[in-house]
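Form predicted alone, single chain, as structure tokens, below.
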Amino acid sequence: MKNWPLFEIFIRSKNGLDHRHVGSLHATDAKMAIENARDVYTRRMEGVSIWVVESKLITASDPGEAEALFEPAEDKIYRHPTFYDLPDELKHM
């Protein structure tokens, strides 16, 4: 297990539309990671889909550069259309 890669685990619940990060585990490959994730993170049958991503393949932004990365969006209100009235028939918006 010492040399097994680390996988990040994402589960989509029965009631959800998106996958949520639930934890990490070591496995020899993606197939084993999915099987282990099922056993560890969906014991109460709460999941309908599992994603596994080898941790070394994830690239993250630098929190120290957050202002430069996210600040330009502040002045573009069209990117945040919170002022629209949506009909009740629309779900999951």
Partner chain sequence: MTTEELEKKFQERIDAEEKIEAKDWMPADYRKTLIRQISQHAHSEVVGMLPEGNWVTRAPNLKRKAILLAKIQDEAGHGLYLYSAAETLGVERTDLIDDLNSGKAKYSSIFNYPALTWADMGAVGWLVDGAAIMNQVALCRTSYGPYARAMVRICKEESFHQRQGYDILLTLSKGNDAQKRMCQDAINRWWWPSLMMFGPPDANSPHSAQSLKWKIKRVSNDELRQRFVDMTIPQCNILGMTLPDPKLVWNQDRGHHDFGEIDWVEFNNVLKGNGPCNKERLEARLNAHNEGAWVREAAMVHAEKRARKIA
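Keep in mind that this is a model prediction, so the values were computed, not measured. Residue numbers count along the first chain shown, from 1.
Although it is not shown, the form predicted together with its partner chain is what the next lines describe.
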query: Contact between Val53 and its partner chain in the predicted bound form at 4.5 Å, heavy atoms?
result: no
message: Residue-level question: is Ile34 within 4.5 Å of its partner chain in the predicted bound form, judged on heavy atoms?
response: no
- prompt: Just to confirm, Ser13 within 4.5 Å of its partner chain in the predicted bound form by heavy atoms?
  reply: no
message: Within 4.5 Å, heavy atoms only: does Thr28 come near its partner chain in the predicted bound form?
response: yes
